[in-house]
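One chain comes next, on its own, written out as C-alpha cells in the form predicted on its own.
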C-alpha cells in the first residue's frame, strides 16, 4: 500500500488527501523520519493543516526531538486528543518544564483517569498510580530526610575564586552564627535568604554546599521534583514539610535549585495550582507559621528575570548575587583539581587558563573529558597509556565553545531593557569589562 501511494504521488504530488494517507501509513509502520517528511510536504502545500501538524509532532516525539514536538503541541494545546496531550506532557517533562507538565497531567487525570502513565505517576509522587503518600507522617519524613539531607565535608577553602560571592555569604550567613551576641544587640536575626544567579555550570550549587560546610551545619538540597504533586494541596504541604525539616535541624542551609521553576512570576502562570504553591513558598520564607531563625536559605537560578519580584522583597531573598564564570585564577585552580588524578605530563595551567576565557566550570570539565576521550582512542590504537599534555588540552578547548555565551546573549537584553531596579548592573559591568 505504501509503495502504491508513493507511485500515485509521483503522478499527483499536490494531492493532499493522498499524501496524508501515505504519511499516516508510514507513521503506523513506525517509519517516523519518512512520515515526518510527508507531513512537512503537506504543510508546505496547506499551511496550518491541523492533522498534519499533529502527525508531525507525533513523529518528532518518537524520534526524540522533544523541543520541536513541544512547539507544535503548544500551538494546538486546545485541540489535542488525550493521547496527544499525554505525549505533550512527556515532552514538557523532557524539556524540564515540570510545573506546566504537572498541571496538565493533573487535569488529564481528573477527566480521563484511564490515561494514567506509570512514569508520570512516579515523577509526580504517585508510585503505581496509587494514593499519594501521607507526608504529614513523621516516619515518612525520617526516611525522606536521609534522601536529601547531608553534612558536607567541603568549605570555602575548596572554592576557587568567587571572593565577592564568599564575602556576601559570610556577611549574611556565616558571621551572624559566629557572632550571635553582636547581631542580637543590633536586632538582626540569624538566617535569611540569598539568591544566586548566573550562567549554568559556574558553581552555584557548589558554593551553597561549601557554605553549609563552612558553618558545619546540615545541608538540605531540594528541586522541583521534591515539591510538585499532581494532587491539589499536596505541593503546598510538601513545601511546608521541607521548611519544617530545615527548622528542626537549625542551623541549617536549605538550598533550592532552579528556583525560577518553583518561584515563577505569578503573572505568567495560568495554572492556579502553581500560584497557590508560590504563595505558600512566600509564606514559608516569611516564617508566618513558625520562626525561620537559623534557617539559611540559598537559591540558585539561571533565569532571575523569571523569578517573581515578591521573592526579592527585604526579608526574603534580600541579597541577589551574580555568580560569573570563573576568572583566570579560578580556572587555573579548577583545571588543577580536574586533572589531579589523571595521567598527565607537566601541564602549563596558566596557559590553559588564559586560553579559556568565559568557560564555566562545567565547560572546563567538558574540555578535560574531550581530551581524555581523544587520548583513550589513541591509547587503544597503540596499546600504550598516553599521558595528557598542554597541547592536547588546548586542542580540546578549541573543540568546545564556552556555553556561557548563549546565556549572556539572553541576559544582555534583560540587563539593558528591564533593569529599572538595577538588579542586573553586575551583568552589564561583566559584559563591558570582558567586551562580550
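On a predicted model such as this, the values are computed, not experimentally measured, just so you know. Numbering follows the first chain given and starts at 1. Between two forms, the rigid core is defined as the largest C-alpha subset superposing within 1.5 Å.
Keep in mind that the form predicted in complex with a small molecule is missing from the display, and what follows is about it.
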Option from 349-357, 112-120, 91-99, 153-161 whose residues, in the predicted bound form, bring a heavy atom within 4.5 Å of the small molecule: 153-161
In the predicted bound form, the residue from 294, 176, 201, 103 that sits within 4.5 Å of the small molecule by heavy atoms: 201
The unique member of 79, 283, 309, 205 whose heavy atoms fall within 4.5 Å of the small molecule in the predicted bound form: 205
Partner contact for residue 251 in the predicted bound form: the small molecule, 4.5 angstroms, heavy atom: no
is_contact(residue 362, the small molecule) in the predicted bound form, heavy atom dist at most 4.5 Å: yes
Residue 334: touches the small molecule in the predicted bound form, heavy atom cutoff 4.5 angstroms: yes
Distance check, residue 302 to the small molecule in the predicted bound form, heavy atom within 4.5 Å: yes
Core-superposed C-alpha of residue 323 shifting 2 Å or more between this form and the one not shown: no
Large Cα move at residue 210 between this form and the one not shown, threshold 2 Å, rigid core: yes
